[in-house]
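Presented below, as structure tokens, is a lone chain in the form predicted alone.
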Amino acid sequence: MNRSSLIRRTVFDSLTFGFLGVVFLIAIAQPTDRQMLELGRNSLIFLAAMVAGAVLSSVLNDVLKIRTLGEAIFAPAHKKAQLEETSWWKTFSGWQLAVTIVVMFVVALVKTKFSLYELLNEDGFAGAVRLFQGLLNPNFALLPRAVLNIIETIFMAFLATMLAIPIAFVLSFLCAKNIMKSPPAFALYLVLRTFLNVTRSIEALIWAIIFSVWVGIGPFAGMLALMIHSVASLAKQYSEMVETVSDGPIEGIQSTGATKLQTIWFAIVPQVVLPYISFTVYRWDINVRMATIIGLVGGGGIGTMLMTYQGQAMWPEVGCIILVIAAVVWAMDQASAYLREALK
């Protein structure tokens, strides 16, 4: 196993073993909420658990020759083929995966306070019935206003997508590992990928809050929020397509003495242009749906209208708005699906 695969295996196993170890300690110690908030101590405990997990991974794989889940995932192809010949329940890695999933499921149930009693509670269920009665009896007097607002939402999403395309297109080549190979280029690749990952991790709703303070409440703030999120998302999708292109055309163009820019334009762009268009259309579809959410913070469009009536518990009006949103999202989904199919 090469050094890179070894590091990935160790990190992966340290996280899984560390997670299982911390959960076991919490189950045994039963710490109070105040103890759980002691960040410094808890960070040291988790760090120690990760170090112990890394040591355990090394001992199991290198000394005892027991293949862990990290080894099964990051091992070379010939070793993976050997592992695939054995049923998962006969391997340590298979049981490691199963136990990790079960423990994560149990922790998720605890942290989300999942309760069948609350779900089936008679009073709560009666309230939900009243809400759905309002939603299923929409007030169509609101329909003209809802249609005008959904039109604003559609064009807000369209402008955000169109402004994001050229920026994401350029960034996608700078964020593709197979292009940025030299040390300075790879350093730029790491910086840009990190920046885009951070940007993408911030939800459009948060960006809408930021731009609402910056440019004021309204559709302009919502459009800017969608554009920033679209740039980060499209650049990631575009760059991953660039990383999967065939090397044959690239080597052919390079053999003619072409420059880096000419190689990209004549060997890579023709291979990715159709997937680019397909994902761009899909992104517009996503932005239409996201635009209804950023209305929560005054991002404009039908989302703001929806939040206004929802806050007043005017469920028949909310039902009309949801009907309009559902109709537009369905139409956009169908249109984008047919278009993506045609572009394959």
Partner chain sequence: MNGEHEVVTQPILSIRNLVKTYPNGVRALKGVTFDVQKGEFLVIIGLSGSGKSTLLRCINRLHDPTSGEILFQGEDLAKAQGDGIRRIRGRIGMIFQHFNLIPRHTVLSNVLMGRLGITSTWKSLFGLWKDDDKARALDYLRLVGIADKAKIRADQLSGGQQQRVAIARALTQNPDLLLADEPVASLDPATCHTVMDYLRKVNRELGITVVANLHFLSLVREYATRVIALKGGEIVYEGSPHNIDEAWFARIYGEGSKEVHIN
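Residue numbers count along the first chain shown, from 1. No experiment lies behind these values; they were computed from the predicted model shown.
The next section is about a form of this same protein that is not shown, the form predicted in complex with its partner chain.
### Message
Just to be sure I understand the contacts: of Ser255, Ser87, Ser182, Ser115, which is the one whose heavy atoms reach within 4.5 angstroms of its partner chain in the model of the complex?
### Response
Filtering the options by heavy-atom distance leaves Ser255.
### Query
From the list Pro144, Gly216, Pro76, Gly248, which entry has a heavy atom within 4.5 Å of its partner chain in the model of the complex?
It is Gly248 that has a heavy atom within 4.5 Å of the partner.
### Query
Pick from 257-265, 235-243, 67-75, 134-142: which stretch has a heavy atom within 4.5 Å of its partner chain in the model of the complex?
Comparing against its partner chain in the model of the complex, the contact stretch is 257-265.
### Task
Using a 4.5 Å heavy atom cut-off, state whether Pro270 contacts its partner chain in the model of the complex.
The answer is yes: Pro270 has a heavy atom within 4.5 Å of its partner chain.
### Query
Given that the partner is absent here, does Met104 sit within 4.5 Å of its partner chain in the model of the complex, heavy atoms only?
No, no contact at 4.5 Å.
### Task
Flag Leu274 as yes or no: does it have a non-hydrogen atom within 4.5 angstroms of any non-hydrogen atom of its partner chain in the model of the complex?
It does: once its partner chain is placed as it appears in the model of the complex, Leu274 has a heavy atom within 4.5 Å of it.
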